[in-house]
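In the form predicted on its own, a lone chain appears below as structure tokens.
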């Protein structure tokens, strides 16, 4: 049993939960805006010829969004690994999950 089991950790208050939810909404909104800007710039011509997306534009948007989320997931995984390595490296006890 770990002595860092989190028994003394205080529960977040309602205000802290609301602030965390607002911060998460800001991050999601920012990611959506970046996705929209990147894929619009790449897939949609500056001058519109039709009111609807044509097949090529639709396919491009689909692929662009898939690649965007793929990259975001890989970055997230790398950042989590880095954070875990920093957390595990600080104790001087070496590696291992026991």
Partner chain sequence: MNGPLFPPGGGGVDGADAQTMAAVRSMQMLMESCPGKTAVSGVMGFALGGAFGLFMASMQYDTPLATNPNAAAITSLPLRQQLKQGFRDLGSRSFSSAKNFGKVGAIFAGTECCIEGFRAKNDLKNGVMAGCITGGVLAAPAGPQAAALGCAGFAAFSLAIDSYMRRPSETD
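The shown structure was predicted, so the numbers you read here are calculated from the model rather than taken from an experiment. Positions refer to the first chain, counted from 1.
From this point on, the text means the form predicted together with its partner chain, which you will not see here.
S.K.: Just one of 15, 75, 83, 25 has a heavy atom within 4.5 Å of its partner chain in the predicted bound form. Which one?
M.R.: That would be 25.
S.K.: Does its partner chain get within 4.5 angstroms of any non-hydrogen atom of residue 54 in the predicted bound form?
M.R.: Taking the distances in the predicted bound form, the answer for residue 54 is yes, it comes within 4.5 Å of its partner chain.
S.K.: Can you work out whether residue 59 and its partner chain are in contact in the predicted bound form, taking contact to mean some heavy atom pair no more than 4.5 Å apart?
M.R.: Output for residue 59 is yes: heavy atoms within 4.5 Å of its partner chain.
S.K.: Even though its partner chain is not shown here, does residue 67 get within 4.5 Å of it in the predicted bound form, heavy atoms only?
M.R.: Contact check for residue 67: no, nothing within 4.5 Å of its partner chain in the predicted bound form.
S.K.: I'd like to know whether residue 49 contacts its partner chain in the predicted bound form, with contact meaning heavy atoms within 4.5 angstroms.
M.R.: Although its partner chain is absent here, residue 49 would touch it in the predicted bound form, with heavy atoms inside 4.5 Å.
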